[in-house]
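One chain is shown next in structure tokens, namely the form predicted on its own.
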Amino acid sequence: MTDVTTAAEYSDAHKSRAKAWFERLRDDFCKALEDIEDAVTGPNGTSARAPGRFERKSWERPGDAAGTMGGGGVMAVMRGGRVFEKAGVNVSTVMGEFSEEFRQRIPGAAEDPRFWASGISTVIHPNSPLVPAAHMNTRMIVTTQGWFGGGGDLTPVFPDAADTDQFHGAFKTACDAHDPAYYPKFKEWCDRYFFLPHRNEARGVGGIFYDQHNTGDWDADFAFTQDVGRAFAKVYPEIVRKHMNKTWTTDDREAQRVKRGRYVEFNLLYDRGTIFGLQTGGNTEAILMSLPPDVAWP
């Protein structure tokens, strides 16, 4: 980071714009997934089900009179759909204080433990083992400093080179529009981050990951974060539609359940968002929304 924007420059207007964007992206992405639910024609009996729909549930974080604690969010979760066995698109905006231990690990929190955070997090677990699972989140955090973070990654059971190229290509286009150095940097960061050291294997085929992103130009950083969200919201439904009508086998399904086990291991052991949410008193149900509904370990 250079010429870092101070927390004072992350004004209430900036916070409102970021919060509104995360909510708009949620609405657009939920509609895209519901449109897929309406469009699928098979197989394996899933097209006989009613199209899946997101159910929204609001939650609130306990506040205080000074307004330094509180906030909340909305969980949007689809369960048992034709294409999506479980899909969650959550938005939250919370404020509070980091614990004594946690504040030492967050930029700017050692000087003042108070924080403000808003973001969107989505995780999709399809019925079909031939449709890749996916994750995306973007967020804005303010302590005595301020920054954006996020990214997206793809987790297929059976990697497909064309899907991988398409997914990465979408993020590369989004990155290149802002800085040609972003994509190689954030791709490598994603490869390092979404890795299970105890298994010595990657969680999936990657994507991009960035954090503490503050170039000193809030509008540019916000525009980049918006483009990351737009890229994911466009490319992932395109990949789903290529595979959602293909037939799969019971062996394919078992391979999917084992792969999901790796997903659980990563999210509970290493995922920053999970750790951040649990250690800052977030909504546990929303935080663990990322876990798949049906998992196996061999």
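Computed from a predicted model, the values in this text were never measured in an experiment. When you see a residue number, it is the position in the sequence shown, counting from 1.
Absent from the display: the form predicted together with another copy of the chain. The rest refers to it.
- Taken together, the three residues 257, 264 and 284 all lie with some non-hydrogen atom within 4.5 angstroms of another copy of the chain in the predicted bound form.
- Another copy of the chain is not shown here, but in the predicted bound form it comes within 4.5 Å of a heavy atom of residue 86.
- The closest non-hydrogen atom of residue 288 lies within 4.5 Å of another copy of the chain in the predicted bound form.
- Another copy of the chain is not drawn, but in the predicted bound form it has a heavy atom within 4.5 Å of residue 278.
- Not displayed here, another copy of the chain is approached by residue 269 to within 4.5 Å at the level of heavy atoms in the predicted bound form.
- When another copy of the chain is considered in the predicted bound form, only one residue from 79, 105, 185, 192 comes within 4.5 Å through any heavy atom, namely 79.
- Residue heavy atoms within 4.5 Å of another copy of the chain in the predicted bound form occur in exactly one stretch of 113 to 121, 126 to 134, 145 to 153, 194 to 202, and that stretch is 194 to 202.
- Within 4.5 angstroms of another copy of the chain in the predicted bound form, the stretch 281 to 298 places a non-hydrogen atom from each of 284, 288, 291, 292, 293, 294, 295, 296, 297, 298, taken in sequence order.
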